[in-house]
Ligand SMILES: Cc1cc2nc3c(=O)[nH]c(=O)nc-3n(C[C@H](O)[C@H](O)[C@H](O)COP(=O)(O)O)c2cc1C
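A single chain comes next, written as structure tokens; it is the form predicted on its own.
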Amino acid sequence: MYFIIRPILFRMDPEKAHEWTLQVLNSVWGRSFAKLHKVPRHSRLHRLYWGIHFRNPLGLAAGMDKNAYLLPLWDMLGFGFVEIGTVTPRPQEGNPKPRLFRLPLDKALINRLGFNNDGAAQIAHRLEYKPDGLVVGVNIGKNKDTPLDKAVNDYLACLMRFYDLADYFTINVSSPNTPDLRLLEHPFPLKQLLEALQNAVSKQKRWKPIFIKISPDISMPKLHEIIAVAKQAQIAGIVATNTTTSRENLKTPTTILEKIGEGGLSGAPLFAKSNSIISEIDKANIPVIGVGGIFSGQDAVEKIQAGAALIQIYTGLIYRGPSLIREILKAPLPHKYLANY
């Protein structure tokens, strides 16, 4: 069914198509559609990490449902967990439009959305009604107008606002669409940020895991610096990776890319780069949530074989539709991986 609808959606402006799709999915028709695509739940796919029971290892990456409108629907479609956001303390509109672009020849997207979201207060209210059994992570960031030297306050504000509602937190310091945000990936500011967040967690009655989401554009020496900081701060793991600013080896003509301009690229071109970074993190014995370029069940298996404990999809879902969820959950996962639970 999705392949009948997709040509219509791909004739629309990408952001309008995204908003329209979410509105339709949030309707009675959308819930009926989800029931048709509902994926059977198998105990062989259960995962237990960080004291959290995941029904399966497949998650929806941050960015698809920034404002937590469709948690019941993602639950019905079969996701084991959903990451909402990126959420900022105050609502913000994000960057000027147009800011989302398709690259069909490369099975990719370019976005420069800029943390457009409804703000922590409104989104937290929606999480009060999340489905039982669905693991929900909150991807948090800073408002665009918050100076970098005050960024920790924004992250702390989001952490505390969602602490009793979320199952885990992802610290977004790697989006290319908020000016200078990636400076927070540097060892000293990252260490300060993570220590402040971990200190806040230590004062709560119940521990909850914190992850950092990193850029695919970092060098190997810088990756090892981040790994060292992550170990020192004793965070739960790393989400690898965010979108890339690279435009290397794309099939899309340069003239089109130049017209589109800046933004983070996601999708198939990110697959190998993401896997390489995942593998390096896995060697350091840090748990990884792997994301980037999953378009098939085999891609999911390779992401796990690279070292990912859990995986997430976004761009692949836009190009493939809900059938991708079923294909991934039916894929023959490594025997060692299935022994987790």
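These numbers were taken from a predicted model, which means no experiment stands behind them. All residue numbers refer to positions in the sequence shown, first residue = 1.
If you look for the form predicted together with the named molecule, you will not find it shown, but the lines that follow are about it.
- Remark: Leu100 counts among the residues lining the named molecule in the predicted complex, judged by a heavy atom distance of 4.5 Å or less.
- Although the partner is absent from this view, Phe54 stays clear of the named molecule in the predicted complex, with no non-hydrogen atom inside 4.5 angstroms.
- In the predicted complex, the named molecule lies farther than 4.5 Å from every heavy atom of Thr88.
- The named molecule is not shown here, but in the predicted complex it comes within 4.5 Å of a heavy atom of Lys66.
- You can rule out all but one of 266-274, 151-159, 195-203, 218-226: in the predicted complex, only 266-274 has residues with a heavy atom within 4.5 Å of the named molecule.
- For the residues Leu109, Ala230, Ile210, Val135, the 4.5 Å heavy atom test against the named molecule in the predicted complex is passed only by Leu109.
- For the partner-free chain shown, Thr241, Asn242, Thr243 of 232-251 come within 4.5 angstroms of the named molecule in the predicted complex, judged by any non-hydrogen atom.
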